[in-house]
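First, one chain by itself in structure tokens, the form predicted on its own.
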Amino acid sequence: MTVIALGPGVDEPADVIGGKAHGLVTLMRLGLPVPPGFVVGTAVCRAFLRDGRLPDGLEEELDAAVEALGGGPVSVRSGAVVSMPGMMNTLLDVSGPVAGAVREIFSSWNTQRAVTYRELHGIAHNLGTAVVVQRMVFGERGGSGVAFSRDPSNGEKTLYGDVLLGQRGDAVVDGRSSTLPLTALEPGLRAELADALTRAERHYRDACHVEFTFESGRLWLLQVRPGGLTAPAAVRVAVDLADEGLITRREAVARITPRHLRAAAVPRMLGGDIVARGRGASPGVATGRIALTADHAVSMPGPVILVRPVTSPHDLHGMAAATGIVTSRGGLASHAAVVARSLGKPAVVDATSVDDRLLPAGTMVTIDGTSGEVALGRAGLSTAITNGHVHRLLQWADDLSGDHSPRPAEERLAAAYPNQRER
């Protein structure tokens, strides 16, 4: 059998059924609501990419599996072993034979945007993706969103995320509509979502985020992932989880790398001629000339700020070339926000002009991915405030190494774990 029904008894690892299906199985084991479905594993994708066709008998298996779900419309989503947000195709509300949809998603593994993303993140090109097929849940009859157990920008322990009422999940990610905070949810749904995230966090012993849809008042979880934090948030979460007893201090120190330490002291923009304000989606300050397309971001000399109404996977090359990203629409779970955090780039989303000034391409601006402000020209920077969570984590590192002598932070971390490699 190349088609595996999703259920709490599935025990295949993520490299067989993909990260998305593995997370859905975990949610089912935790007793949380997941639409019924099945998965086509990564080995089938690798065979398809090698042979140029689906394995014999798979189309019949797919038809039978969809019929077992009730024969109605289904969602067909990619599910690589390593998260690649938005880089491969997703097909919703698929009716009839769902084989063509599977072929399309397998083929999207080798699109230019997916290849570029893997190269940027050091992901092997030969892994392939699984495909998750589930009974369709209609956000048009309720809403859809993304929720985090902790703020992914700073690590604060709070229910955090975006929701769109009366729309499907793809609208939340594409950023074309301005999202609402989770306080827009009916209190009962919000409480159910918070409980689900608490259970997931206790299982993974890490901050988690979920994609969700609610239909006619009923909550459904469509994906769960641990992590996805900026460097400052990762440090705070590691320390807080140790304080809460979910991990040990030794584990907290082991989770943090020199890269985290270098990025944890986040500068802030100091004053300046503010021309736009939005929502800070990825912390840090960046200065550069405005590029209005991804291609221009790649071709313009010097540091650039990519400014777009929204971003999509097709903009990945420009996002990688830019020092910062600004969008005029979208929320904290939009494509621009998620990819900027994964790339470690400052980002501002849902930005609007403060005085109707129109800034042409090439204008020098500075953005603050914490405050959500955009200033004209080169703005000053404030002195980085000492991060108390970094200080505590380094004290734990000194305790582990037994060396409390004054020395740079990275040396203190390395002394605790001399064999830890940069990640």
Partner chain sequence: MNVVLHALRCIGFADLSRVADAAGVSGARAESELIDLAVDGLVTREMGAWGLTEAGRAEDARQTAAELDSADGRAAVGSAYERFMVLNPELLDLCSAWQLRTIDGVTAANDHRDPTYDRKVLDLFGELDRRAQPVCAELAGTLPRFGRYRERLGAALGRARAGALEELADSMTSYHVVWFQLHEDLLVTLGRPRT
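Positions refer to the first chain, counted from 1. Note that this is a predicted model, so its numbers are computed, not measured. Here the rigid core means the biggest group of C-alpha atoms that line up within 1.5 Å when the two forms are laid on top of each other.
The discussion below concerns the form predicted in complex with the partner chain, not included here.
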Q. Would the partner chain in the predicted bound form be within 4.5 angstroms of a non-hydrogen atom of every residue among Arg53, Ser107 and Arg225?
A. no
Q) Would Pro313 count as a contact of the partner chain in the predicted bound form, using a 4.5 angstroms cut-off between non-hydrogen atoms? A) yes
Q. Looking at the partner-bound form in the predicted bound form, is Ser334 within 4.5 Å of the partner chain by any heavy atom?
A. yes
Q: Tell me, yes or no, whether His209 is in contact with the partner chain in the predicted bound form, where a contact means a heavy atom of each within 4.5 Å.
A: no
**Q.** 4.5 angstroms heavy atom contact with the partner chain in the predicted bound form for Val339
**A.** yes
**Q.** Answer option from Leu165, Ala265, Leu270, Leu120, heavy atom within 4.5 Å of the partner chain in the predicted bound form
**A.** Leu120
Q) What is the one choice in Val307, Met87, Val239, Val132 with a heavy atom within 4.5 Å of the partner chain in the predicted bound form? A) Met87
Q | in the predicted bound form, segment of 108 to 116, 141 to 149, 180 to 188, 70 to 78 with a heavy atom within 4.5 Å of the partner chain | A | 108 to 116
Q. Which residues in 252 to 266 have a heavy atom within 4.5 Å of the partner chain in the predicted bound form?
A. Thr257, Arg259, His260, Ala263
Q | Rigid-core frame, C-alpha of Ser149, shift of 2 angstroms or more between this form and the one not shown | A | no
Q | Is_shifted Val237 between this form and the one not shown (CA, 2 Å cut-off, rigid core) | A | no
(Q) Rigid core superposed, CA of Ala333 - does it shift 2 Å or more between this form and the one not shown? (A) yes
Q.
Pro313 and Ser144: their C-alpha distance differs by 3 angstroms or more in the predicted bound form. Do they come closer or move farther apart compared with the shown form?
A. farther
